[in-house]
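As structure tokens, one chain now follows by itself in the form predicted alone.
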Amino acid sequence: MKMRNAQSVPLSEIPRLAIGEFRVEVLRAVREGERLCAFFHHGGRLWAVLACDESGLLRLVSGEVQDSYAALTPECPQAHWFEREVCEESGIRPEGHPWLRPIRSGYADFYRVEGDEVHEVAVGPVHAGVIEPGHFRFQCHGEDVLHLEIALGYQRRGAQALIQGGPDRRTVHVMETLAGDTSIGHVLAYAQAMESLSGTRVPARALAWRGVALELERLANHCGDLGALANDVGYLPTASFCGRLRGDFLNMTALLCGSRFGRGLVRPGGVRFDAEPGRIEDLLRRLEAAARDSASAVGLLWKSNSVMGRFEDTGKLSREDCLALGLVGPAARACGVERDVRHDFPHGIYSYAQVPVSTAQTGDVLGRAFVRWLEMQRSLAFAKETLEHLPTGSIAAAPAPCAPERICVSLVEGWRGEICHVALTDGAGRFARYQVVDASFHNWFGLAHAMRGQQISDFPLCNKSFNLSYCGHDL
């Protein structure tokens, strides 16, 4: 079954393959260049959402399964964490999986490297910073990291369980807090799914405001990350400036809707807040000032030999490894992979306004930092042009109830990368299953891979260059 982003189709049209045929079909698709967006168990079937970035098409494949099946992971590393998640949640075993420990429980055995002078370094789950818990187990020979295993899920919140049976009054608030720094990204993916399932047409002005909000979210977080990377190598000028500038971008979102994180702005059918000409002019002035100050602050990074010495060749990933692992977002684009939902699977405002894909070729901390800076410049240009040419008209349409027995896949390019929401409705139009895949779910294993052969002292810098979400993973 082929479909576009945020298009709904009847569940009855999804073929029910035998599990062997399902496995063959998924592996064939990945070999031919498609990738796994989502993989889950529901209703006695395994479901796979496959994306073809070149054609802009999504494919849905399902296979009937009982207690076990032959694992995909040995031939498709992208399935590694997905299969562990399915096994943890349903008990269905992927036979032959190379490391079948729970994906969201930190209390199982860890992989060990044996040998003379090999030692373990355990970090977390409680950290010195004000962050959520996560455990990092390093196998080291001297200072060199041979293997890193990441254990998350210490505070799994059961957010996806709260969504089942919806939508109801609390559903949208759950969406806005799936990953607090990505409120706009996740609620937009949800709104797109709801609008598709209900046949709701969103006004053009609302689409424009959604695009501005999503790019402001990207700007705030990319700017904050560049400052944090500077701080990790002791370069305080950029760290100090970017800390303030992140606040400036957050305040622009607050000027629009009253929340620095954009909560309350996006709703199925459109947006809840508009702005009069005076406030739009204020936003444009703030964007101009932030663009000027960002160029000065971030420009210092590329001129500092000491910063470049720490960024270059640290946490390096090859393009081949990036593709094999199915990485998304700036982490993938830093490896030269042109993968961006706004370009490959455009929906909403991005169907009419193009944002160029920003890439680097080095695959290291420098590449991930430089991609963020390129994206900041292009987000600034997009937000400015959109505000200067806002469509007229209403900002919301009344959403209708969701149609029964349908499925929709909704993709959004959040600031960390691809966000995927898969909604399946039952006979009453309620959510029989709602699967969320945050960009972090794809990329945590990429961080572990990037640390191989690095010195353990490089971990804070590598970790920050990915800046993945604990709560977005622990749904």
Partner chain sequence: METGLILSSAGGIAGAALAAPLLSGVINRTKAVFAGRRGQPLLQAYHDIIKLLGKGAVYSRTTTWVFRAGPVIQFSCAALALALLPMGSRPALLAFPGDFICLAGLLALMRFFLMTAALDTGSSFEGMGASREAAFSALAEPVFLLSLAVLARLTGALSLSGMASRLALHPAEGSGPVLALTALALFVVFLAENARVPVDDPNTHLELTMIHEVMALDHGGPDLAFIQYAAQLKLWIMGILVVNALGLGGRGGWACAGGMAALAVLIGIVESTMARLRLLRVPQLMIGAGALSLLALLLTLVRP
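Positions refer to the first chain, counted from 1. Everything numeric in this text was worked out from a predicted model, so none of it was measured.
One more form of this protein, predicted in complex with the partner chain, exists but is not displayed; see below.
Q: When the contact criterion is heavy atoms within 4.5 Å, does Asp232 count as touching the partner chain in the predicted bound form?
A: Contact with the partner chain, yes.
Q: My question is simply whether Pro277 lines the interface with the partner chain in the predicted bound form - judged by any non-hydrogen atom within 4.5 Å.
A: Result no; Pro277 lies far from the partner chain in the predicted bound form.
Q: May I ask you to state whether Glu25 is within 4.5 Å of the partner chain in the predicted bound form, using heavy atom distances?
A: Although the partner chain is absent here, Glu25 would stay clear of it in the predicted bound form, with no heavy atoms inside 4.5 Å.
Q: Going by a heavy atom distance of 4.5 Å, is Arg137 a contact of the partner chain in the predicted bound form?
A: Contact check for Arg137: no, nothing within 4.5 Å of the partner chain in the predicted bound form.
Q: Given a 4.5 Å cut-off on heavy atoms, tell me which of 260 to 268, 328 to 336, 290 to 298, 311 to 319 is the interface stretch with the partner chain in the predicted bound form.
A: Flagged stretch: 311 to 319.
Q: For this chain shown on its own, do Glu120, Val307 and Ser457 all sit within 4.5 Å of the partner chain in the predicted bound form, going by heavy atoms?
A: Heavy-atom distance to the partner chain in the predicted bound form: all three under 4.5 Å.
Q: Please tell me which of Phe273, Phe241, Tyr154, Trp373 lies within 4.5 Å of the partner chain in the predicted bound form, judged by heavy atoms.
A: Here the answer is residue option Phe241.
Q: Can you pick the one in Glu89, Glu143, Asp282, Glu388 that has a heavy atom within 4.5 Å of the partner chain in the predicted bound form?
A: By the 4.5 Å heavy-atom cutoff, the listed residue in contact is Glu143.
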